[in-house]
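Below sits a lone chain in structure tokens, taken as the form predicted alone.
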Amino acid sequence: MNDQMVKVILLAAVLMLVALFGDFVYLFALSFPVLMFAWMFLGALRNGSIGSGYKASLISVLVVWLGGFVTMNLMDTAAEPSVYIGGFPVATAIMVYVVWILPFILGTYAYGYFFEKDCITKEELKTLENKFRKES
């Protein structure tokens, strides 16, 4: 699994470079979220597998990023904005509220909710609880 994720990261990074030098905005809009997803997926792997909570969280973040980046590229940002959301033009509001804040909320929620299931074994949790009891 690790080798596959490293290959995905490498491929996405190459596609990002091609997109930047070739001015292919949609290729960049697709390759950047995939690179970030693969990077976070690689970090969440534990003993070659990933917990179901983290997997669902990372996939939801990927969908949010892909949707946000592609939507921003589909918009006509050259025209004077007539609609504002939360004080920002629509494309900027999508970047701030959807691409930045929504994944932060999703990731933080999933990390906390699935921490005991995905991040720590019951034995590690008991050892940690015993250590805290002895120190307090």
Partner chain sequence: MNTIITIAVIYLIGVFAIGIWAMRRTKTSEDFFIAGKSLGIFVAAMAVFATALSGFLFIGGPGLTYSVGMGALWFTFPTSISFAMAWYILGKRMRLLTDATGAMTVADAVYYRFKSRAASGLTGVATLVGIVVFLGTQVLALGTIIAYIFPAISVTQGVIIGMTIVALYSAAGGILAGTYTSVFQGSIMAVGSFLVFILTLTTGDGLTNITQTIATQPFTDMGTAMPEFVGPWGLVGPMVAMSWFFALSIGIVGQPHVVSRLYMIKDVNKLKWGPAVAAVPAILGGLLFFGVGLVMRYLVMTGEIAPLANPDDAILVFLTEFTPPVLAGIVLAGVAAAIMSTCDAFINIASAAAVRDLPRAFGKKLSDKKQLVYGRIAVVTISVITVVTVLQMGDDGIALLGAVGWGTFAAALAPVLGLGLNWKRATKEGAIASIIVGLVSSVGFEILATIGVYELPNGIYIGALSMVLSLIAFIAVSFATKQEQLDEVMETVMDA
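Whichever C-alpha set is largest while still superposing within 1.5 Å between the two forms counts as the rigid core. Positions refer to the first chain, counted from 1. All values reported here derive from a predicted model rather than from experimental measurement.
We do not show the form predicted in complex with its partner chain, though everything after this point is about it.
Chemist: Since only the chain is shown here, I'm wondering whether residue 96 would be in contact with its partner chain in the predicted bound form (any heavy atom pair within 4.5 Å).
Modeler: Residue 96 belongs to the contact set for its partner chain.
Chemist: With the partner left out here, check for me: in the predicted bound form, does some heavy atom of residue 89 sit within 4.5 Å of its partner chain?
Modeler: Yes.
Chemist: Any of the heavy atoms of residue 60 lying within 4.5 Å of its partner chain in the predicted bound form?
Modeler: No.
Chemist: Even though the partner isn't displayed, in the predicted bound form is residue 42 close enough to its partner chain, meaning a heavy atom within 4.5 Å?
Modeler: Answer yes; at least one heavy atom of residue 42 falls within 4.5 Å of its partner chain in the predicted bound form.
Chemist: What residues in 20-38 sit within 4.5 Å of its partner chain in the predicted bound form, counting heavy atoms only?
Modeler: Residues within 4.5 Å: 20, 21, 22, 23, 24, 25, 28, 29, 32, 35, 36.
Chemist: Kindly check if the Cα atom of residue 117 is displaced 2 angstroms or more between the shown form and the other one relative to the superposed rigid core.
Modeler: Shift at residue 117: below 2 Å after core fit.
Chemist: Is the C-alpha displacement of residue 14 equal to or greater than 2 Å between the shown form and the other one once the rigid core has been superposed?
Modeler: The answer is no, as the C-alpha of residue 14 shifts between the shown form and the other one by less than 2 Å after core alignment.
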